[in-house]
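Just the one chain here, laid out as structure tokens, in the form predicted alone.
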Amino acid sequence: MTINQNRIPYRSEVIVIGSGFAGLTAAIECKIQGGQVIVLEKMKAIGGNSIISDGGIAAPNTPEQELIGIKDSAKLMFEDMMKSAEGLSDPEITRIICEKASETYQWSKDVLGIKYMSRIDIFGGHQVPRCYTPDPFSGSTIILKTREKCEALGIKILCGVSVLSFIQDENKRVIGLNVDSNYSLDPDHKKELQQIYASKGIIVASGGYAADVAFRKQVHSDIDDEIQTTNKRFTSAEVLQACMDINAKTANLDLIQWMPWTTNDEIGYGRGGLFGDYIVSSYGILIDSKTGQRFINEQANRKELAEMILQVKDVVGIADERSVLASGWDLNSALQKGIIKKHESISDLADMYKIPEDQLIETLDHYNQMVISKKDEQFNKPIEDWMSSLNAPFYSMRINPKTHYSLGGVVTNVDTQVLDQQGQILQGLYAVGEVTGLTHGANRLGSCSVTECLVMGRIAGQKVLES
């Protein structure tokens, strides 16, 4: 149950910081295992960035894959994540996530009651389709179900409580928190300072810092203030900084993942992000509007895509009506707002973006022949059975990457315990989700963060009780 901060307790066995996928999963697992747990959320409502995500989860070797003949395994998913990470992740943490992904996906259905759409998607960097979308399509679907489970278990979620610092005993064990129990985004708000103690441990699930301009400048000076983000504006690094203040080790803080499929014609991820990520990437093409040519494999991973799109700059994503219908997504609101455009002919499409029409015609003809031959000699895009040639009417959108996910954070072991600068366990402190720094390395594959949050959240909820 979500309660007012004025009823904040003095102590608990376990305190979870953050009410996104990772935090609520950790709290639920902790309670199921018999622990006493409370959740702290700095905002007035729960969910953080999780609630505005698409909620997709990746899992290999599932009954759904077997039913339609997709051959997959934890080993194959591990290979994909490690390749994407470019040597900057912890292979043991990644292996656990992959090995427990299918079991955790089933747990989300059996224990949380989450329903998924009858489709399996593939995103850049995955070798096979293994990504499942909640029904209704939104991270809020998962947050709603986890909140309902928390209420059923009697887990208190305390909103408007911001963490200021950690409290340690004489042996440097983390035993509590200094908090502001009257938090507001207004910097001049009246603070209510309190202390809360945890006899078993504290689980940090405070999320990332992709929207925290001040912190971002410290660790990644190349990203300026004008860059847009998919994150909620309150996504910030104060809890990560509090971990650093007590000597927590960090890794990859300079790595920010960009969402390549968004547009500056709307705020945040938006409906355009859906068109780019789910339709253009699988069914369509990316065009340099200056030349009218493709310039990359549209199924490349997010890092490769974002880097190339930022380099090319004037990029348009194109699909057609058949692709949109095949995808099953409703684009009406984005069309009405002009975020996505519809074109009855190649000429209309070329005129809209000042694309050289002759070159655009040549590019589309070449792509269509490629689909027929099932071989992309230019960029090695895998041609799947669902892909078809592109013909009028067309749909298009300007493509502008935005900061999306902070890949760096605190260093943990496989039991989610936070390590200090010397590589020793910071007793009493655990961390899961985007606040950690060794899961995805150089790049996060689509849908793998929800898998990580649920798998590692459950592990944290179990391990914290063993201390």
Ligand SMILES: Cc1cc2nc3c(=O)[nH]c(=O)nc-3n(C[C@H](O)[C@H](O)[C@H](O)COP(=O)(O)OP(=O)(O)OC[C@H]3O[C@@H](n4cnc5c(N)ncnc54)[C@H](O)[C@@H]3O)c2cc1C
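Quick caveat: nothing in here was measured; it's all calculated off a predicted structure. Each residue number is its position in the shown sequence, starting from 1.
The next section is about a form of this same protein that is not shown, the form predicted together with this ligand.
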All three of Phe78, Lys303 and Leu407 touching this ligand in the predicted complex at 4.5 Å, heavy atom to heavy atom? no
The single option of Glu266, Glu238, Glu192, Asp348 touching this ligand in the predicted complex, heavy atom within 4.5 Å: Glu238
Does any part of Gly437 reach within 4.5 Å of this ligand in the predicted complex? Heavy atoms only, please. no
Though only this chain appears here, would Gly457 touch this ligand in the predicted complex if you measure heavy atom gaps against 4.5 Å? no
Glu29, heavy atom within 4.5 angstroms of this ligand in the predicted complex: no
Using a 4.5 Å heavy atom cut-off, state whether Met43 contacts this ligand in the predicted complex. yes
Hey, of 320-328, 383-391, 95-103, 154-162, which bit sits against this ligand in the predicted complex at 4.5 Å between non-hydrogen atoms? 154-162
Which of the residues spanning 21-57 lie within 4.5 Å of this ligand in the predicted complex, based on heavy atoms? Phe21, Ala22, Gly23, Leu40, Glu41, Lys42, Met43, Gly47, Gly48, Asn49, Ser50, Ile52, Ser53, Asp54, Gly55, Gly56
